[in-house]
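The chain that follows stands alone, in the form predicted on its own, written as structure tokens.
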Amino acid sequence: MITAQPGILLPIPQHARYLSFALGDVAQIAAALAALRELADGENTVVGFGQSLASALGAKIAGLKSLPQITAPGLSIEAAPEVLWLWLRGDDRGELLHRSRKITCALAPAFTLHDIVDAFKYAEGRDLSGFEDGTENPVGEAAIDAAIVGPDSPLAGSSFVATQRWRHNFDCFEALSQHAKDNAIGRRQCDNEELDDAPTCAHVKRTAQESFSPEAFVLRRSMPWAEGNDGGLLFVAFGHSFDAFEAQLKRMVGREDGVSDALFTFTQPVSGAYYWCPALKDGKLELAPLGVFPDR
């Protein structure tokens, strides 16, 4: 039976840990992926593979590519290795630590740990700016349609995920008046009501998913992160392709009309990557599209 990794569609957990890996000993990839299939259930541990890994295996995943270079004034975005990405979900930070250590050990020497980001649910699901996050997320069947590849595709049940780590400038944000904050987002912070008279640069107007042609719906599963006194948002958007994410991103940076998203006045993406999240076959990661375990 083919199913999507269930963690993609589940609500945001209380805590999370995002791990990204670079390639190590290529000769050991098959053994490492066999170990990963036993450790990753797709619910508490969601798995994504990048273009660099597919290339190393000589595999072609239709729709998988590298994150395009974002060119806009003041932006400097580090590209991740785009090899292997794990989203560890849970309620206990200690358990996440031990799980990540176990998985990292099992993946060596084929994969080497590149980056770890610890994340958490803030308030009832807010960004660290205090605004609610993911208000326009599709739900139910609409969420499945947006995030999961349909049944008629050879990649049925899989998903594509765009990740970006955004770092907030809290001093800059806190210096804004409440009116300016609300206008930057396009919603009132106090009650999350959308502002009809928000400026064109308001984030809500830049990314209104139904305003694109075709409509650009993604399923956001973003979570706040913090290190010391720094923090921001780990933006995570699942789609049946990268098209909707790229349409939104182009508008945010002003490619369509020269108007940049007001978010850039107080927060910046500092890293990003694209990954393909395979389906589960009988409860295990379906790795046949990568040319691994095709007969299992």
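The structure displayed is predicted, hence computed values, not measured ones. Heads up: residue numbers just count along the shown sequence, starting at 1.
A second form of this protein, the form predicted together with a small molecule, is not displayed here; the remarks below concern that form.
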request  = Classify residue 200 as contacting or not contacting the small molecule in the model of the complex by the rule of any non-hydrogen atom within 4.5 angstroms, answering yes or no.
outcome  = no
query = Going by a heavy atom distance of 4.5 Å, is residue 207 a contact of the small molecule in the model of the complex?
reply = yes
message = With a cut-off of 4.5 Å between heavy atoms, is residue 181 one of the residues that contacts the small molecule in the model of the complex?
response = no
inquiry  = Is it the case that residue 64, even though its partner is missing from this view, gets within 4.5 Å of the small molecule in the model of the complex, heavy atoms only?
reply    = no
request  = Using a 4.5 Å heavy atom cut-off, indicate which stretch of 160 to 168, 147 to 155, 112 to 120, 92 to 100 touches the small molecule in the model of the complex.
outcome  = 160 to 168
inquiry  = Just to be sure I understand the contacts: of 185, 80, 88, 107, which is the one whose heavy atoms reach within 4.5 angstroms of the small molecule in the model of the complex?
reply    = 185
key: Option touching the small molecule, based on a heavy atom within 4.5 Å in the model of the complex, out of 54, 252, 47, 29   = 252
